[in-house]
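What follows are structure tokens for two forms of the same protein chain, given separately as structure 1 and structure 2.
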Structure 1
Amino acid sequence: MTRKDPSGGLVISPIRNGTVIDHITAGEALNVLRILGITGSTPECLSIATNVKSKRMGKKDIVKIENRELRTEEVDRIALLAPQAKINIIRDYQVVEKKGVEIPEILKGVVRCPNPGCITNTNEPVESTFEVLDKGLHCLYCDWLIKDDIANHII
């Protein structure tokens, strides 16, 4: 549902309860959803705005998810792609909580190891596990280092 705002642009309707992820690095909204495991088939009302004008960032993306309050472990993964992102928890139309994202020390099941010989790329019952270092993501199984282009390795 959308409504016209006075300037003639389209504005996303407010949500009653849920989460707004604001200040996402422009262009990363879809990757952010992917990292959260939210796909097009999610039953909830989902709004995505990309390349929205922002005073602080020039351009930004925003994601609004109805009826879901994201947990800290979930949102921290976002920091990989959008370190400035702000998580706003909405209850009864009001922002009741606002927090930044922090890059976690360990990423489990978030990125796929690019090493074809890595045991995590087999049918073994194990999740990919990377430790987050300044120089990149380090596979704790095969020692592979992902230096850049992290979005491309997201599962």
Structure 2
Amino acid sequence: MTRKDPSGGLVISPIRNGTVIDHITAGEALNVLRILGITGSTPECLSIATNVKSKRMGKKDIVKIENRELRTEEVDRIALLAPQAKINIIRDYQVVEKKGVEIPEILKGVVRCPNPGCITNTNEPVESTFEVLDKGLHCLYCDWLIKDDIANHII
């Protein structure tokens, strides 16, 4: 439910239970939804705000997901797109847990290797494994380095 703010804007109602992902890198909210598997045909009730003013970031995105708490592997995926994101768990309209995201040193089964010759892209039962470096993501099987457009490689 939304209501009018006296200043002329819209105010998004709080959620009873679920997750609020705050401080998402501006413009990445829809990618966050995609990597969480949330589409227009999934049952979640969502609120999405993009390019909201932020003192700390200049601009940010915010996503509210009702009746869903994120798993650790989902938070790891979000960290790749939004390393400053904050995850707020809401129960009975109260924030019961608030935590930042951390990019793990090793990512298993989170990123698809773009190298078609990589063993992880064959029919072998091998899970992709990437080392997180300052210059990008390094595949530990074929040495491929992903430097750009990481969002399109997240599984």
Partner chain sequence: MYHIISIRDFERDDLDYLLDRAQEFDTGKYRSGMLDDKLVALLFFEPSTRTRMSFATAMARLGGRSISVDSVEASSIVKGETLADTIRVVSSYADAIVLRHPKEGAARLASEFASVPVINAGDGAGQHPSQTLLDLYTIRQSMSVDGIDVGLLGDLRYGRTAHSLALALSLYGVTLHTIAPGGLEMPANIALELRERGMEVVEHPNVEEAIRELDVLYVTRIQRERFPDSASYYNVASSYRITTDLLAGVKERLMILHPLPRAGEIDPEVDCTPYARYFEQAKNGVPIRMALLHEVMK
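Between two forms, the rigid core is defined as the largest C-alpha subset superposing within 1.5 Å. Everything quoted here is computed from the prediction, not taken from an experiment. By convention here, residues take numbers in order along the sequence of structure 1, the first being 1.
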query	finding
Of structures 1 and 2, the one that is the form predicted alone	2
Pivot point of the rigid parts between the two structures (hinge, one of Val126, Lys98, Leu133, Asn115)	Lys98
Whole-degree angle by which the smaller rigid part turns once the larger is superposed between the two structures	18
For Ile106, CA displacement between the two structures after the core is overlaid, in Å	4.4
